[in-house]
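We begin with a single chain expressed as structure tokens, specifically the form predicted on its own.
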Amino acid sequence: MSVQADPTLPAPRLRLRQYLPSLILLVLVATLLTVMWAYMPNFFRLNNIINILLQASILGLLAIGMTGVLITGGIDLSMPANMALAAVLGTMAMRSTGSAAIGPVVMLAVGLALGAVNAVAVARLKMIPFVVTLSTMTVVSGTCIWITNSVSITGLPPSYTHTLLAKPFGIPVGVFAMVLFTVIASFVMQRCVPGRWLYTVGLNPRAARIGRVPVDRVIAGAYLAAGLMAGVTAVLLTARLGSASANMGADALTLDIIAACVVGGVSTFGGVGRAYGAVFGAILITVLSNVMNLAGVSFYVGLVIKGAVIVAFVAAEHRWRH
């Protein structure tokens, strides 16, 4: 978790301000793991850890897409719905053609197309991101239910599922995908000019325009990347489930994505965050969900706990920044 540097602070205090939130998060994680080790030692078996990472991969990939949008000061509530529609249309294309190759192409294309809709509305038409993506989520969710009649679409080609469910070196393809996109996103955000523009736009859009940063293109790129990640997750989740349905884009997943980003140090105010932090947050949220399931905590109580976690981290971040 990082914060904007303040040149008026002395060097030791500035370093403390930059790294203390991350240290606090690590302490909380270490405490949680210690408690789990004491009461649930079987949780740390290798197979279970790999399963946790596989479960976290979908959330982690979506959180990577959300990270870029949040850094620009926006939000994309439509990612789970976009993923569901991409999965449904891709699965239908595979069923009608019998080709496993066309599915991923359709899913990625649909994700990018829906991301482009958000990009044009927010970057070009200057509409409010929350309202735009909430509307997109509603329209896309309704379309998905209308197309499927709330029935799962099955009949995927065996070559499709076998390829994406493979475990090279004992590690699922989904985990490799999460690691790969984390590395790519982290490199782009920290080492490439377009990535640095994200932070500039998020911290001060007016100053970014004065500095000749293509603000509209940067914002549009963030929403396109979010759409792409929705398409990627559609490919992986469809193979894991062996089907596609409107339920893949459940509203609770939106809460998990935002929770993963916030817990991972991505600021809801814009200008702060790292892709690897969001992925780390996704793993933590997945572990927390598993612990609550093992403890017999109700699904709805779990939603309350996750919502409280988001509020607590946002409040702490606001106090930290001010």
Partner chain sequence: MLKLKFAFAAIAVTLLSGAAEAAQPVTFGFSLDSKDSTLQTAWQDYMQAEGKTQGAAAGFDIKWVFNVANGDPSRQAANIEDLITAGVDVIIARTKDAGSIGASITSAKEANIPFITFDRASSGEQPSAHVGGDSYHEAYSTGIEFAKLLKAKGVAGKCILLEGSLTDSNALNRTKGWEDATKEIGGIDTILKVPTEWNPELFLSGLSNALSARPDANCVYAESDFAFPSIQAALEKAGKWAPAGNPKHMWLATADLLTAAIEPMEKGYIDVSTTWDALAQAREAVRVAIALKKGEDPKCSADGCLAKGRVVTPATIKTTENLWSRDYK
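Just so you know, these numbers come straight off a predicted model, no measurement behind them. Numbering follows the first chain given and starts at 1.
This next part talks about the form predicted in complex with the partner chain, which is not shown.
Among heavy atoms of Met178, none comes within 4.5 Å of the partner chain in the predicted complex. Taking the partner from the other structure, the partner chain in the predicted complex has a heavy atom within 4.5 Å of a heavy atom of Met248. When the partner chain is considered in the predicted complex, Ser152 lines it closely, a heavy atom lying within 4.5 Å. In the predicted complex, the partner chain stays beyond 4.5 Å of every heavy atom belonging to Met137. Across the options 68-76, 183-191, 240-248, 140-148, residues that bring heavy atoms within 4.5 Å of the partner chain in the predicted complex belong to 240-248.
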